[in-house]
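Before any questions on binding or motion, here is one chain by itself as structure tokens, the form predicted on its own.
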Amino acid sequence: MKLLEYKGDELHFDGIPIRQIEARYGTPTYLYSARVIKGCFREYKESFGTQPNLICYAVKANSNLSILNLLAKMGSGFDIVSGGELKRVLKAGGDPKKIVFSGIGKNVDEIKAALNVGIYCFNVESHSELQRLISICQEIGKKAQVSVRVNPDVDAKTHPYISTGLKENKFGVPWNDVMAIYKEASASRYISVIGIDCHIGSQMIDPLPFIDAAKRITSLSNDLKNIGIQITHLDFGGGLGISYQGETPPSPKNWVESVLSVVDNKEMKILIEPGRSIAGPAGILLTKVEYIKKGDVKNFLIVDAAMNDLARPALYNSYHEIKEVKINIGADLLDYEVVGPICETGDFLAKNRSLATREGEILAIMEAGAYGMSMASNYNSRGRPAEVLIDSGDHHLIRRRENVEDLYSHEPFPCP
């Protein structure tokens, strides 16, 4: 069954008429398919064959508890970058022994919380972080398993804002400093050095940068072995892209196989941290056309979703395909700017799109399952959208729509 298909003149999502979902939950609403999420995770898992592995879903892509629980039940690990994500994973039933803690700015409380629940590994990103981790372990009597995130200076050939593996990026330990930090870490009785971590970017569609980075990391593991530091896992990060506008990224299977082709140790555990490729294709954003505004230069579809609901177009000028939920309604096919009600010129969801629709009709914004809701905000005092999960033919509300009272519930008023 296709995720999205027209039956008659109505668009269906995972076999359910979208109008049925909209009538129940309103708009804007994020809609996800459990079948697609599980299918992608399963493809990753099966692609490793007999190679030891741990797939750590990148929580930042979509952190809804129900989605995390879905993956936890399939045996997924989790890649986190904050104490809040740690708590989400634990609340959703994730195994702390399958959690890797990434991110360049881990604070003291976050580190202590992760140590106390016994996470699998810290991906250390700087010498200062290593010193802080040693100090905290000494203070509370814990020993931390550590992987050093290496910056291999590999061009991911992606948007500059989501490129993370070049030497000018803020992420990872510079290549020339790597051996020194490994020696210091391995000399501490509070640290157990177990891995090498590398993540070079996001929304990558060319496998060659992945392979280049994998070669450098594999070579580094051999160099460490030669000085007596035995690595037990290699973490190649995530970043596999999806098709937003006709791109042809490798499949999860092809990506895993290309990475494994440069690993010469069949006993080495391999970690990966996919996020977008699992959640992105599984989700859409539903929005209603509030007004049609025809101008001298451009026509505007003013919809009830906005940049606070889906930030990617305004932030990266990114492309999301848009489909009419109901077709053949007799409306003229016109070119539109699809914009929201936010008081910013940059509040757009799409530019120059040919659509045939009318006021009150519903549109579906494609490939919105990753970095949609997780990046949403309350700008202009707008509540964030509802989230709905389709699973085995049923729809489930997995996050209710925020109301204005939710937004100011944490603000003491009047001021004491």
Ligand code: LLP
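One-based numbering along the sequence shown. The shown structure was predicted, so the numbers you read here are calculated from the model rather than taken from an experiment.
What comes next is about the form predicted together with the ligand, which does not appear here.
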Margin query: Considering non-hydrogen atoms and a 4.5 Å limit, does the ligand approach residue 312 in the predicted complex?
Written below: yes
Note to self: in the predicted complex, is there a heavy atom of the ligand that lies within 4.5 Å of any heavy atom of residue 316, even though the partner is absent here?
What the structure shows: yes
Item checked: Exercise: residue 287 in contact with the ligand in the predicted complex, heavy atom 4.5 Å -> no
Notebook entry, point to check: Using heavy atoms and a 4.5 Å limit, would one call residue 275 a contact residue for the ligand in the predicted complex?
Noted result: yes
Next item on the list: Have a look at 291 to 299, 235 to 243, 331 to 339, 186 to 194 and name the one stretch with heavy atoms inside 4.5 Å of the ligand in the predicted complex.
Entry: 235 to 243
Item checked: Selected contact from 202, 76, 218, 126, since only one has a non-hydrogen atom within 4.5 angstroms of the ligand in the predicted complex -> 202
Checklist line | Single option in 65, 356, 34, 375 placed near the ligand in the predicted complex, where near means a heavy atom within 4.5 Å | finding: 375
Next item on the list: Run the contact test on 58, 149 and 371 with a 4.5 Å heavy atom cut-off to the ligand in the predicted complex and return yes or no.
Entry: yes
Item checked: Members of 401 to 416 lying within 4.5 angstroms of the ligand, judged by heavy atom, in the predicted complex -> none
